[in-house]
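Presented as structure tokens, the chain that follows is alone, the form predicted alone.
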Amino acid sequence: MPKQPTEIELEIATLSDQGLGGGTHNERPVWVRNALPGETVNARILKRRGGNRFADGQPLAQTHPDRVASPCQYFPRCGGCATHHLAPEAQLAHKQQQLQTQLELQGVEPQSWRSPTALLRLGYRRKARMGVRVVGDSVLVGFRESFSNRVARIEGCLTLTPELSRLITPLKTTIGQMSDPRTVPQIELAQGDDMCAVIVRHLQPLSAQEEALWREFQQRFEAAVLMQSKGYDTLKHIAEHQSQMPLLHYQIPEYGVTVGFYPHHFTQVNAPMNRELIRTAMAYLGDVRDRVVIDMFCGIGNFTLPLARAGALAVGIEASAEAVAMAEQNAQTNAVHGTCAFFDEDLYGEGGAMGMAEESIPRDSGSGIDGRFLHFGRAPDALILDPPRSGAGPNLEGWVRQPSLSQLVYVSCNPVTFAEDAKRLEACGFSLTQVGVYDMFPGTAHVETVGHFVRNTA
């Protein structure tokens, strides 16, 4: 018989960066979902790791003034969201405090703070990876449960867009009709402005009957279905006589740009907030007409294409050759291929290092990062950085030492590495003129940041 979780009564003293209430029991830290500072909760310990205990909780006594009822019936058991019990304004304040704390630890003081930006609270998430599990006669499709590898038992998800949420129940039904549902461990969902797509990870070859089953799903629910037997290079459209993957799109209306992407490509999950990021970056840069702007970690052209549309000479650099190919295709589609260029380069490796000072770089736009910076025959005026969670990487100082660079816009998904890089940028002569948090993932612990850095002239 499985061991029952230990239940304890616990006073909550802190709120962690992950949205967990923190307390101490028997001199050991306990981190509790659905718990806020000042509350006493009944905590069910679900996981032990190192000296820490992890639990879900229910308040017993006086509740925190910022506690609200979760709109989701599956919270806190489902681990997809972390802070549904905290008022939206308090969530934003907590995220800004995390960023402020990290900047203070690095000794970086912004000249000003931008008010936190928030839009949709629910129904915003356009991409998700969900687990699949068979329990008895039931097929579960959902996020993992709190502190567990088990898949949460859900019928829909308020965080997903309604178009994606409605697919959960029919996905369970379709997987359950396969000869062995246990051969499907994972589902990925993606949505553009024009259509939805489903990536089905399967561990065994599909029979003809199973292929027909998924074609029926695709037709009935108007969602493109791709089967994935191994890596993404094995993706195959389930439609008969269809060799190409379905191309999804999202709009950036302010710049008249349409961005195409395949379902497995990285895109921001929150489309309205992504447009806010672009607006902010472009506002910081000001008039970009006939200016050279480098977009580092450019992906499929999310910032590069609006830059080119606004009149910049835009250079996008990205490690993924596949993403670069899509960015180039997007440039052609949007008729900006003459004013932007894309290159695949490992920005963390030796190929991403600047080799010499600006005045000695040959003006032949040759290979290597030096040539990328001078693709249009002029040194760049500004940089946009939108790196992964690990930050800008070891070549940052080389990129910003160019005397021509007057400003830099840094978009970050990790306040720790943003603060570390902000300190490095200060050492290179740049000041953080303004910074703010953007609620890209409401209800979760994710912190999105945009900072504007300007070169000191004194």
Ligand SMILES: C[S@@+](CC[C@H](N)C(=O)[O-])C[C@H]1O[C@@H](n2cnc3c(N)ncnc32)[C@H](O)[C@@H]1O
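Small disclaimer: the values here were computed from a predicted structure and weren't measured. Residues carry their position along the shown sequence, with the first being 1.
Although not depicted, the form predicted together with the named molecule is the subject of the following passage.
Looking at 262-270, 307-315, 198-206, 128-136, the stretch with residues near the named molecule in the predicted bound form, meaning non-hydrogen atoms within 4.5 angstroms, turns out to be 262-270. The partner is absent here, but in the predicted bound form a heavy atom of Glu345, alone among Glu322, Glu276, Glu345, Glu328, sits within 4.5 Å of the named molecule. Note on contacts: among Gly156, Pro88, Gly371, Pro388, the single residue with a heavy atom within 4.5 Å of the named molecule in the predicted bound form is Pro388. In the predicted bound form, Ile294 stays away from the named molecule, with no heavy atom inside 4.5 Å.
None of the heavy atoms of Thr83 is located within 4.5 Å of the named molecule in the predicted bound form.
The named molecule in the predicted bound form comes within 4.5 Å of a heavy atom belonging to Gly299.
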